[in-house]
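First, one chain by itself: the form predicted on its own, in structure tokens.
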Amino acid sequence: MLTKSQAKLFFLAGTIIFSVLFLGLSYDTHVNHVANQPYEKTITPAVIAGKHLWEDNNCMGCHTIFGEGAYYAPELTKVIDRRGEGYVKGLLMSPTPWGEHTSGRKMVAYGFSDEDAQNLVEYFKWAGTVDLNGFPAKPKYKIEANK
């Protein structure tokens, strides 16, 4: 059992050691990791316009991006890699609702102009370049053999 002075010394030493460790790791993260990420440098006016369209149309009400948002509709962080630029742009410009009719889920027909759809595509392309340490995970498809 520790005496009162030993407990005080133990507390102070632990506080100092872990405070120094925290500050050192924070410094390392800021200098060696955050400062070297190129994502801010690749933001163009089209990416900014696409982000504004994303927010103004409440896309996050159904979709997720960077893991944030609703889980009603597909995750869109790497949508350009999965579906391709033409598919996404065509869907955004569609004048009719699109979706899986059996479940009742449908993508709203925003009927974006060519410029607005391209701005959203640029935002999605930019989002797809951000290193998120493996998020979202690639789906594991299991192919069953015919019996």
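Treat the numbers as computed from the prediction; the structure is a model and nothing was measured. Numbering starts at 1 and runs along the sequence shown.
This next part talks about the form predicted in complex with ligand HEC, which is not shown.
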inquiry  = Check for me whether ligand HEC, as it appears in the predicted complex, comes within 4.5 angstroms of all of Tyr39, Ile43 and Phe66 - heavy atoms only.
reply    = no
key: ligand HEC contact at Arg105 in the predicted complex, heavy atom, 4.5 Å   = yes
query = So in the predicted complex, does any heavy atom of Tyr72 sit within 4.5 Å of ligand HEC?
reply = yes
task = Indicate whether ligand HEC has at least one heavy atom within 4.5 Å of a heavy atom of Val88 in the predicted complex.
result = yes
ask   = If you check in the predicted complex, is Cys62 within 4.5 Å of ligand HEC, heavy atoms only?
value = yes
inquiry  = Where, within 106-127, is there a heavy atom within 4.5 Å of ligand HEC in the predicted complex? Residue list please.
reply    = Lys106, Met107, Val108, Tyr110, Phe112, Leu120, Phe124
